[in-house]
Structure formats: C-alpha cells, structure tokens
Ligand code: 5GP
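Presented as structure tokens, the chain that follows is alone, the form predicted alone.
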C-alpha cells in the first residue's frame, strides 16, 4: 500500500513559492494579452487606493505603450495631483464597450467600486488585488494578502523590478506611506520596508511625498481639526473618544470629507484612549463613521457588524439615525471588547 509522505516545512514553502510564482506569471500574461484594460479602486479613494491605481496604470503604459488603459475612480484630493497621469483619471461612468481585462484594487468586495462595478462585471477577464482580511476573493485571479501593509506593497511584488519607473514608484510609495501612517502602524513589516526601499532606489522624493500628502494641512483643515479636538468627548472612563462634524459645519468651512484627514489619528493618540471615533454627517441622519484603535479593540469587527469593514486598527462604515444612538451603539461594542480584554489573565 502506498503511503504519501508528509511534506517538510521547507518543501511546503518551496511548493507555495512555486504556486505563487505561477500566479504572478499568470497576472503578467493577462496584462500582455489584453488590448483594453480598466482599473478601479474603492469609493472615496484614499492614498493606497490612488497610489495603487496610478502605480499600475503607469507600469502598464511605461512597458506597453500601445495598450489602451483607463483608471475609473471617483475624484481624488488635490494633494495627489502631482502623481503622473492623475489628470487622466476618468471620474464619470460612460457608455463604452467591455474591457478585455479589468483590475480591482484595494476593494474588499466588488461593490466597493461603486458606479464602476459594471465595468468589472462585463470585462472579459478580471483580477482582484487587495489586503483587507474581509476580502473572500473575487474575479478570475485574486491576490489577497491580509498580512501586507497595503495594496501598493502587493503590487510591488507582482511587478518586474527592472521595469518599474520613477513615476510608477512614486505612486506606489505614496500608497505605502499612507496605509502605514508613515511606517509607524503595526502593519509595517520587514517586507514593507524592503518594498519601500526598492522604490526609493527608483529616485522617489520621499520628503516631498510625506510632507505634501501626509502632514501638510490647509488653514481650513487646521481650523476643523481644532474644532473637532475641542468638541471631542471621552467615554468609558476615558478609554474611548469621539467627535462629530455636522453637515452644517462642513458647509460653513467649505470643506469635504477629504479635508478631515488626520483628525481621527490625532484623536487616537489621546492618553489612555483605546478607541477613537470620528463621525461626519453626509446628509441629515446619515453619517460616515471612522474608527481607530490601539491594542485592545478590533474596530474591523465593529465596522463589519454595521455593514462596513477595514482592518483591526482602522475601519469604517456608514450609519443612519440620531448621532447619540450611533455613538452609544458603537460604545456598547467597544465596552464589550474592553471588558473581555480586562478579564484576560
């Protein structure tokens, strides 16, 4: 009787590496054989979403200039307009023939592409590349790596290093910077730093990218930050903090959701706070909720229960109703998690 020998750890790793390389080659072949390629990220694009979309666009156009490539994405904040080909982003759906290949980036589920999801559905072939652990995988080919800091980090590993241009590297580096909080979040790994170092070798101006897209604030952004901090409130014996920005306040200052960057992170670093909550009113009775945590609260679990998603320490969702009810519903779940952690030996 034949008995199959169990693989050693080294043999299992070698087999996994071989399988992954096969998938990487498949990814590259799908790009080569496609004439028309579409790229989309999630709604309300952030740094990683924008960086991955433009990084991949630049990579394809640099190496396959005859291919027709389009990035379909909602309008991006002005601070990202320095990235090459940002002016070629298509922000309105059009009546167009199906793409040969459509690539979804940084989307935990296909519906997060919003109004561009139809392009993905109708495409001849599809690819999904993402780092959200809630992503169960979709498309003909999927690269889901929850241990990666960002979608941009995954893309660096899929591209041929020698064919990454400076423009491509700048976009990918921008995405890594934003999803790691300038390499300070716990999702920053050795591999993250190695991928970032590879991009720096392409001539990336790291000082400019970090200052201009991460730290720099307009006068109005500083005003709304100050107001949000002044009006913040502590709950759960100082272990949770929240602030709410009304639609009226946003209209008064003439700002939009992109101008709220950085507020939630400043709330999170408040002494003794384990979970921070920032709500801004989209319309009457509808709030976009952002959550950040330190070590003891899994905010992705809370966001998921309200139809959202994200990561263990950074997540969000859209909620409806009175702001007090929303805050209390979230606080109840935060308290349950904290009490469970406090009881652990």
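Residue numbers count along the first chain shown, from 1. Keep in mind the model is a prediction, meaning the values are calculated, not measured.
Form predicted together with this ligand: not shown, discussed below.
The putative spot formed by 112, 290 and 315 is fully lined by this ligand in the predicted complex; each residue has a non-hydrogen atom within 4.5 angstroms of it. Judged by heavy atoms within 4.5 Å of this ligand in the predicted complex, the contact stretch among the candidates 191-199, 225-233, 102-110, 150-158 is 102-110. In the predicted complex, this ligand lies within 4.5 Å of some heavy atom of residue 310. When contacts are judged by a 4.5 Å heavy atom cut-off, residue 178 does not count as touching this ligand in the predicted complex.
Contact annotation for residue 132: at least one heavy atom lies within 4.5 Å of this ligand in the predicted complex.
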